[in-house]
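Shown here is one chain on its own, the form predicted on its own, set out as structure tokens.
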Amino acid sequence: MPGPLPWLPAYLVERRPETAAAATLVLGVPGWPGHLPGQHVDVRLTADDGYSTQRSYSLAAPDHGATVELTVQRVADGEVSPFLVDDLAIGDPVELRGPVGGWFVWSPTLPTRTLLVAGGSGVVPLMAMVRARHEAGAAAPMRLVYSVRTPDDVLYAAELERRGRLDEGLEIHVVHTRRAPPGDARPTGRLTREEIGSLAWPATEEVLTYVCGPTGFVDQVAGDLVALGYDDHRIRTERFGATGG
């Protein structure tokens, strides 16, 4: 059996603000082995006194060689995310281990329709899939349903608008649960089973589905899809809870 994945030295190349509470970190990782959309990595920080701590973060972009992108949401009382979002400076070192995960992955070569359902920062690994589809020029239809609290919480807002407008076969549906932008015809509130049914393809069609977000959100959406007739063997889920701080 292969041994554990090694820790690789990495350093910050670029930071891009995404919202008031989140940023994308572009990290240089010499010797990075490559990854698939949907995978994640472990990030380890080590203080001068030798204390170290680690967290897991999804990869936000497809494989680009010796750089990777992570979008980190600041957790107010977190130990790692506030430092990564606010204090990690260009050139500062971190350690990465990965890529991790082999089930929640997507390939542009897949010929079937792909339904992506995201809750909050669960959009990050799904964005890697949207970007991989664009970069590969893939033609298979893809639909993203993205549930967020307010317009201010939308990650990749400008890019999602552009991709949904320009990428043939890609549809973007943003659902606001607490405050919607002016002119939005949809009342605020959580996704209902009926609404999921209206945004998803009919269950009679062949669809591969990825659902990512908080545990309660993922369980509800996956359950609703099964109740609508979706094959649970074709629903891939990724949950996050208290980790990631």
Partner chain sequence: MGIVTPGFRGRGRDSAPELPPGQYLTHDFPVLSAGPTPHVETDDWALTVTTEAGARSRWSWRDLLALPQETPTVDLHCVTKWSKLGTRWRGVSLDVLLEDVETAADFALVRCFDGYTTNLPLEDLLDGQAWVAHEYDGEPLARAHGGPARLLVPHLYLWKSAKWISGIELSDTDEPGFWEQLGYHDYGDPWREQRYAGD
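Small disclaimer: the values here were computed from a predicted structure and weren't measured. Numbering follows the first chain given and starts at 1.
As for the form predicted in complex with its partner chain, it is not shown, yet the points below apply to it.
For its partner chain in the model of the complex, the listed stretch (152 to 160, 137 to 145, 168 to 176, 91 to 99) containing residues with heavy atoms inside 4.5 Å is 91 to 99. The candidate spot formed by 5, 47 and 236 is fully in contact with its partner chain in the model of the complex: every one of the three has a heavy atom within 4.5 Å. The closest non-hydrogen atom of residue 14 lies beyond 4.5 Å of its partner chain in the model of the complex. Under a 4.5 angstroms non-hydrogen atom cutoff, its partner chain in the model of the complex has residue 54 among its neighbouring residues. Mapping the unseen interface onto this chain, residue 108 falls outside it, with no heavy atom inside 4.5 Å of its partner chain in the model of the complex. With a 4.5 Å cutoff on heavy atoms, residue 226 counts as touching its partner chain in the model of the complex.
Interface residue among 215, 67, 192, 188 relative to its partner chain in the model of the complex, by the heavy atom within 4.5 Å criterion: 215. No residues of 121 to 142 lie near its partner chain in the model of the complex, the criterion being any heavy atom within 4.5 Å.
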